[in-house]
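Below you'll find only one chain, the form predicted on its own, shown as structure tokens.
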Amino acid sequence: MSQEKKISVRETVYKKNDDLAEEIRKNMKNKGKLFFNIMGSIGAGKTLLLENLAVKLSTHYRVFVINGDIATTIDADRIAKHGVKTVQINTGGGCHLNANLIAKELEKINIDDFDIFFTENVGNLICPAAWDVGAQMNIVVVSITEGEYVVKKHPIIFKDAEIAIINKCDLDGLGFDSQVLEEDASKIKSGMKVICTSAKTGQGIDDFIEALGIEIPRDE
């Protein structure tokens, strides 16, 4: 296959994905639903962050989580323990979720039965950045255990995100300050919300929810 044909095929695949993603996004908006895509490395703390969100949100909202991974149902099982409806997509080696995979799962449920949707994308900082899944907002999660250059080395995924989460901030003192990562993320995309969290202690979770634009009703 010539280089020109390879480029053409790739462009066609991306175009079909983007068109389907936009269809998902419009459908969610028309139905008044919120849909968030969480991306990040393996071990950054995505699942534990979602567990925190599940605990906080599920008492007020009907939450649906799509977990993406190469194998196992470990992540979905962890979320489900909190009473949240989940489904696990095993990509069988694929390094990202895409709009087609999301659409297939959404077709299996009644969207009107839920208020808020999350995807936990496959764990890496490269592939997910190139594939629109139809979410209204992208969130990228990194942790301070990934090193002081993790943000600088992966600028593309941060450019596609509306929120950057610097996780495991309870471990400050590993040789550099989490503020370094916060500043790096802010420089990549002007106006992006950057939040320092600890999924382990609960630090910053309320700020994360606020950044998502979700209001938690006060108990009367």
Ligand SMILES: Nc1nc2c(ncn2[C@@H]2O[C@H](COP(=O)(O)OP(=O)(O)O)[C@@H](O)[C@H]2O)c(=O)[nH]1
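Quantities reported herein were computed from a predicted structural model and do not represent experimental measurements. Note that residue numbering follows the sequence shown and begins at 1.
Absent from the display: the form predicted in complex with the named molecule. The rest refers to it.
Enquirer: Any chance Ala44 has a heavy atom within 4.5 Å of the named molecule in the model of the complex?
Expert: It does: once the named molecule is placed as it appears in the model of the complex, Ala44 has a heavy atom within 4.5 Å of it.
Enquirer: Would Leu171 show up as a contact with the named molecule in the model of the complex if we use heavy atoms at 4.5 Å?
Expert: Answer yes; at least one heavy atom of Leu171 falls within 4.5 Å of the named molecule in the model of the complex.
Enquirer: Answer with yes or no whether Lys200 is in contact with the named molecule in the model of the complex, where contact means some heavy atom within 4.5 Å.
Expert: Answer yes; at least one heavy atom of Lys200 falls within 4.5 Å of the named molecule in the model of the complex.
Enquirer: Although the partner isn't part of this model, could you tell me whether Met192 comes within 4.5 Å of the named molecule in the model of the complex, counting any heavy atom of the residue?
Expert: It does not: once the named molecule is placed as it appears in the model of the complex, Met192 has no heavy atom within 4.5 Å of it.
Enquirer: If contact means any heavy atom within 4.5 Å, which of 149 to 157, 25 to 33, 177 to 185, 163 to 171 contacts the named molecule in the model of the complex?
Expert: It is the stretch 163 to 171.
Enquirer: Give a yes or no on whether each residue among Arg62, Ile111 and Asp115 has a heavy atom within 4.5 Å of the named molecule in the model of the complex.
Expert: Spot residues vs the named molecule: no contact at all.
Enquirer: Counting only heavy atoms, which residues in 65 to 102 are within 4.5 Å of the named molecule in the model of the complex?
Expert: Contacts from 65 to 102: Asp75, Arg78.
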